[in-house]
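Just the one chain here, the form predicted on its own, laid out as structure tokens.
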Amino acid sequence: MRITVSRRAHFNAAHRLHNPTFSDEKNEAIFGKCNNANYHGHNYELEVFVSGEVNQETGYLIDLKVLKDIIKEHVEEKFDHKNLNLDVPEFANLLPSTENFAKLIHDILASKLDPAFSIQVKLWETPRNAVIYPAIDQIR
């Protein structure tokens, strides 16, 4: 039986959307307030979805305590109360947009979980704006 389980997490982080190849005017026009030179923060909500086959011996797809611990160690502790532009090496040459952030979180978690699982993340930047990676039409 194939099934999906999910786990939610929360953390806070700051960032600035600024493309150094753009003029200040172009950055302002594209990114608006998100281009604030002093950065700005978000209260991120993360949903992690893990899909696969249920283990018939345990009745679990994955022990949710194990998933919670992986998310805490590799996402919450890595990003909580950090400036994504300054404190996260992966964003040294990559805009810390929510789209790029969701993919980064996905890739980190995928590397920590059994490859038999497929995972998807939904990262809420605000209560109204979220990004899902991989896209719903790309899930196997």
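Throughout, we count residues from 1 along the sequence that is shown. Note that the structure is predicted; figures quoted are calculated from it, not measured.
Omitted from view is the form predicted in complex with a further copy of the same chain, to which the following refers.
Asker: Indicate whether residue 23 is a 4.5 Å heavy atom neighbour of a further copy of the same chain in the model of the complex.
Answerer: Flag for residue 23 set to no.
Asker: Looking in the model of the complex, any heavy atom of residue 99 within 4.5 Å of a further copy of the same chain?
Answerer: So residue 99 counts as contacting a further copy of the same chain.
Asker: Although a further copy of the same chain is absent from this view, report whether residue 91 comes within 4.5 Å of it in the model of the complex, heavy atoms only.
Answerer: Taking the distances in the model of the complex, the answer for residue 91 is no, it never comes within 4.5 Å of a further copy of the same chain.
Asker: Looking at the partner-bound form in the model of the complex, is residue 81 within 4.5 Å of a further copy of the same chain by any heavy atom?
Answerer: Flag for residue 81 set to yes.
Asker: For a quick check, can you give me the residues of 28-57 that have a heavy atom within 4.5 Å of a further copy of the same chain in the model of the complex?
Answerer: Sequence-ordered list: 30, 31, 33, 34, 36, 38, 39, 40, 41, 42, 43, 45, 47, 49, 51, 54, 56, 57.
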